[in-house]
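Only one chain is shown below, in structure tokens, and it's the form predicted on its own.
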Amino acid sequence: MRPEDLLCPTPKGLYCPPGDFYIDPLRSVARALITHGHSDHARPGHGAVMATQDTLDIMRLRCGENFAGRTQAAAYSDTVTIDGVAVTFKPAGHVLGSAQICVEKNGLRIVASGDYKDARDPTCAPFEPIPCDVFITEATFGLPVFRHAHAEVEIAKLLQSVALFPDRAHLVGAYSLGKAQRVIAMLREAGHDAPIYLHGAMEKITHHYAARGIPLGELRPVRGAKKAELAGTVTLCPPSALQELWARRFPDPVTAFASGWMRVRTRARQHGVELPLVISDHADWDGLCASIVATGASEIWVTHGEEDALVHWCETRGLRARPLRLVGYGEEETEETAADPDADDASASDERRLDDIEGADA
């Protein structure tokens, strides 16, 4: 069996002909296997969805109860047979519930990694390399320039700024699923025990993480807080909120953005970020290369990101490699608020009351 007979790229996404299912399909399909809950991978409207229980719960939170016709939870390391194809979910280390999906038939094993990172994250199960024949890797940060510092170093930088400017509020832009909760958990590990504030768009997912037993400490909503109360505090918000009217409710805010893209200084300047924090939920260049080697795969398929550079690196090491050129994947943009109508309403209400609040606190 050729690899393309077991898994092949199509306009709808990766398709398994013998199992008649798609992995992270871009359009509605009859049967979908989902690697994780980010909206570029987990779309509603499929007839049937298989994913880890955490991913199913996250999809339900973000897309509504009826996000799929039916669902099936897959436990890590358990193998399910779908029309003669063995399917196994393994941790990807990306966000809560994220998984690599291993498909196997007639002795051929292909692993679709989805999004992954090999760095430590206290909010999700760590990445596990899976021995395979073909490894499908993301390449979000697939250039040698992307070598991320340890996230603990960036968290220390944030806390140092909080200590240095006790009269200023610190606003940390972060994606609402995964990044925000990781930042909060790492702040707690570093000894920051003060209440942490949340933009309305962050509340639902963050409280879900806390309900799953992840220690996030005391969390408070921004809405209803007085301006003076927010001095010296840390608030997590969508990156887009950093430049919105909403940010004016904070006393002399320090704007921070937690993202692997903060490794590029022009990106930080474009976003008006005062404190760039290079914290990524994707593997950096070294992590990508090390993960590929760890699988022992002789063939590498590269998708969504800097595909050509990683393909070239593989070829220089004697590996067969090809770019998949799948369009439609990439780190979530700043649509978190749109994904949560209640948060939208709360944020809009906050903005309408802003002038009254500032007047009351003056």
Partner chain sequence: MNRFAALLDRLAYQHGRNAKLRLMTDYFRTTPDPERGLALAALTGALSFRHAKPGIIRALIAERTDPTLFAMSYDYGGDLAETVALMWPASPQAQRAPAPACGGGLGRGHSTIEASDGVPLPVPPPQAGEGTLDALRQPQPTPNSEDEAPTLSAVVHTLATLGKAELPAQLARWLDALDATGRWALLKLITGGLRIGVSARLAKTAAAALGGKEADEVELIWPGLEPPYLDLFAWLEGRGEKPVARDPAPFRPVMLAHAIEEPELAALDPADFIAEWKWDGIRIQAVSGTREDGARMTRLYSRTGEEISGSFPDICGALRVDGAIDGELLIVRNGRVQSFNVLQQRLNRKSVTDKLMAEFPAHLRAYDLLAADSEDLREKPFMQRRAALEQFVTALDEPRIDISPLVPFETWTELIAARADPAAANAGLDADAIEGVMLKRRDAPYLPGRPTGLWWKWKRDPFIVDAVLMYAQRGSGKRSSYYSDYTFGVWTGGESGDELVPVGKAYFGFTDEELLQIDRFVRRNTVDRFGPVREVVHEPDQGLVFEVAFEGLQRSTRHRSGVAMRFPRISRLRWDKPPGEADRLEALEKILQRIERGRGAALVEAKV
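Nothing here was measured: the structure is a model prediction, and the numbers come from that model. Residue numbers count along the first chain shown, from 1.
Another form, the form predicted in complex with its partner chain, is not on view; read the next lines as being about it.
For its partner chain in the model of the complex, the listed stretch (200-208, 70-78, 229-237, 166-174) containing residues with heavy atoms inside 4.5 Å is 166-174. Remark: all three candidate residues (Thr266, Pro276 and Val293) come within 4.5 Å of its partner chain in the model of the complex, counting heavy atoms only. A heavy atom within 4.5 Å of its partner chain in the model of the complex is found for one listed residue only; from Cys124, Ala99, Ala112, Val222, this is Cys124. Though its partner chain is absent from this view, in the model of the complex it lies within 4.5 Å of a heavy atom of just one residue from Asp40, Asp57, Glu299, Asp308, which is Asp308. Looking at Arg317, you'd find a heavy atom of it within 4.5 angstroms of its partner chain in the model of the complex. Under a 4.5 angstroms non-hydrogen atom cutoff, its partner chain in the model of the complex has Leu143 among its neighbouring residues.
Residue contact check for Tyr329: none of its heavy atoms lie within 4.5 Å of its partner chain in the model of the complex. Among residues of the shown chain, Val153 is one whose heavy atoms approach its partner chain to within 4.5 Å in the model of the complex. Interface residues of 114-132, taken as those with a heavy atom within 4.5 Å of its partner chain in the model of the complex (partner not displayed): Asp118, Ala119, Arg120, Asp121, Pro122, Cys124, Pro126, Phe127, Pro129, Pro131, Cys132, in sequence order.
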